[in-house]
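Okay, so we've got a single protein chain in two different forms coming up as structure tokens, structure 1 first and structure 2 after it.
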Structure 1
Amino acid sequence: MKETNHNQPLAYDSSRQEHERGIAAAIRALWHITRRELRTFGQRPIFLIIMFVAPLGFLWMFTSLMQAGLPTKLPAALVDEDDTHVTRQLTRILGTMEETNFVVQTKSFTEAREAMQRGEVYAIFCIPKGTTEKALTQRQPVISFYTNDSYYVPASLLMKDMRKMGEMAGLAMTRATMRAKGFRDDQIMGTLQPIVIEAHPLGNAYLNYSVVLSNLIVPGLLMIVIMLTTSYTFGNEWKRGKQKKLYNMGKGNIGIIILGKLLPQTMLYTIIFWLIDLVFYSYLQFPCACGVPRMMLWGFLAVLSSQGFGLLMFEAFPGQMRMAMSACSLLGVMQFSLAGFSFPVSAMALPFQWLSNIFPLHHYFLIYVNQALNGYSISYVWTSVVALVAIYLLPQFFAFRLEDALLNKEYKE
């Protein structure tokens, strides 16, 4: 007769109940650590101000600073030594250009040079004496312009205007000569401009500086704040001598300890990042080809990767809050140079190209350009998405250093 094993279901039930009790204990530990972290916020309001007010201050400052989008009416000097009806017409046209404002008009180059030395103007447009006469007799006059490239952006914009105006000046004088010879206007234009050029700036059609700079500087500064507060929130346990209590509250589970410590900050920073996205793409109407919800998703991923970076720095200097925060500050500022929006990464030396891949801002910038400005498929920047996830998960591989510090290391200045 076949016997039935009645102990097998009981063993299965016991194992399942033990597993459920383990999950319940982990959830309770997570809740206790999270609630403890929220109480810490209440006891240190300055910490909450840094987390909330500072990023919103960055948002207000940079959107107000670059509200015009592109610098306009930049001060320049005009030196018209020729002073003929042709050169006066030329300078009137140049004065109507959006970026140029002649605050100094003189016949003396020395006066204009001194104005540039005093910092009153960024550029000098010089028309020498005899320009009109030489042009009408086809003796190729020379028009000079000088820009103070110590101020790179205004000098570049004025250089663009003056170069265009210099080319137009030659065309205007050629037109005057051809009219004097009896040519019709359609014949003149066919000679002066046989090929018409159309410019189509893609992604940022209005050449708005704020579209590029605000969308990277404000999230970049927020990422630095996230890195610093992540290192601070762990280092503060050692400073207060509560690291072993934290370890016991987490039942020795490093994953629960990390999650409980960072969860309140994750929620707060995600809300701030989403608010920034709403201001940029809904209120200011910056280009967003992929839609606001998707940019919110990338913002959430940027928050997680920034926290992972900050935690990684703390694991590199376990128990040493100041060293970890200093590393976050140094590398956080460095990521602006290596992100690629001010100088292309592909043009950097090879070691810096490799180094740029460890920074969350670089990958967020690539995703932003691909998704918000160009509206391309995410398949073009899937490596950046993977990199952000990897930066977030990387500290888990060094969690043993955090566990060792919780048990054995004391606070170091």
Structure 2
Amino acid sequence: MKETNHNQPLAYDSSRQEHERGIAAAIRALWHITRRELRTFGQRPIFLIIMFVAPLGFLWMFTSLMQAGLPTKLPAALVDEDDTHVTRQLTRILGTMEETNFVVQTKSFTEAREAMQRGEVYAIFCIPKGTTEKALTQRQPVISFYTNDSYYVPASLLMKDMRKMGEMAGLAMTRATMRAKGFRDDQIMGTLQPIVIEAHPLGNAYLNYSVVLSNLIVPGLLMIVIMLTTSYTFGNEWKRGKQKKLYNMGKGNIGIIILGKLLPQTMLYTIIFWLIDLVFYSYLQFPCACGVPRMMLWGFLAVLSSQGFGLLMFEAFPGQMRMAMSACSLLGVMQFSLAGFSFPVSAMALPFQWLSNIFPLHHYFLIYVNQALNGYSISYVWTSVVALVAIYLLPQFFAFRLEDALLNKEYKE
């Protein structure tokens, strides 16, 4: 190529032509690497399983697993030692409540406790002997309920129901007394419950767990897959001993090599991410205050950022596919905890609050809540958008390590 340039009459033209040819050559190199990459996918069935079957399978699994949204009719035990018409009325009301389903009804507390230890029930509602008698004679009976907080979600839900019931039982008695004294019902309500708390869970009014959990676990799993396959696809070059060939194909331009190798995956994963978005917001009608196209944009950014994270790990252990993948998997699984959707980041110890910032899922989560759930302006989470872009761009600054590895490192078992 250079020899022909010498024959050009004008220096200005020659440099320009060389530049144009340089671009054409770069695009050609990019295309060659991309095509080679696509061919590799075809040869390794594991790629196809991981890229398509796993994310879409998990999409199906999580959305059908949490179809109910909020778990209802959770198994509980009822210990009615008193067994009078009053307590039966009480338990009937409790039985009609949303969360509670008395699968065990017994007179012995031990039996109920054993059912709990066998994992058959999540809670015990206990009415001791003499409750009715004490209530009628105004001697303040005590009813008690026990929840098994080893199982956090059902225990919290059942506790809510039982507390309400415990509170109501007392109020019902006062109401009976007041009615007997001749009060009107609105007066009675003003006495029984002067201050009413009206709760407005913003953005997810039905407290649908599936909305929060599916929306983060499925993209989160996809993001782990992206991180792993990014380090895998680079490491595979060393494993097959083709790293020098790759370097030559890219004409030594490290940017072209990175782009060419990542491009097919970027496209594939973006399509999968968009598919997930469509299923969530269009098919399942999960709340999406910002519109689906906007979420697709953030999904695209999340794909890029995860690729950046995977590549960064590979540059941390250049040429050592296994170490890079181990790092990706150990950190990738941890990002579920540090994203903060089950246990909030603000409740963690300070070092973990800092650490959470290096994970793409954490930032994607903040953007998701801001945009889809609450419909606020993106300017409130601009730091997270910048962070996602930064995680994508960061590996470019360490590309020299990759270049060095391409030229000098061999696969080490």
Partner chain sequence: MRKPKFPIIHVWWDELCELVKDEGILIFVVLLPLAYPLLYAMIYDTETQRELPVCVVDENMSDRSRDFIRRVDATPEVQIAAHCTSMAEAQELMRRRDVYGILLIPREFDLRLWRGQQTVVGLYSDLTSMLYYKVAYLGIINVAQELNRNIKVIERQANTTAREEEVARWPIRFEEVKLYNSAGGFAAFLIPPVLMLILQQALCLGVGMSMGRSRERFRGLVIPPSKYYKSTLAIVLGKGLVYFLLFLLMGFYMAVCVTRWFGLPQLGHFWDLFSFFVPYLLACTYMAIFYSSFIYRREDCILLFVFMSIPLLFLSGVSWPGSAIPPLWKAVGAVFPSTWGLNAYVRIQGMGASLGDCQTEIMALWILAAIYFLLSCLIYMFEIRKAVGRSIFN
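Note that this is a predicted model, so its numbers are computed, not measured. The first residue in the sequence of structure 1 is number 1, and each one after it adds one. We call the rigid core the largest set of C-alpha positions that still match within 1.5 Å between the two forms.
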If I had to pick the form predicted together with the partner chain out of these two, would it be 1 or 2?
2
Please say whether, between structures 1 and 2, the C-alpha of Tyr151 moves by 2 Å or more once the core is aligned.
no
For a quick test of reading the superposition: does Gly190 move by 2 Å or more at the CA between structures 1 and 2, rigid core aligned?
yes
Quick check: Arg179 between structures 1 and 2 - does its CA shift reach 2 Å or more after fitting the rigid core?
yes
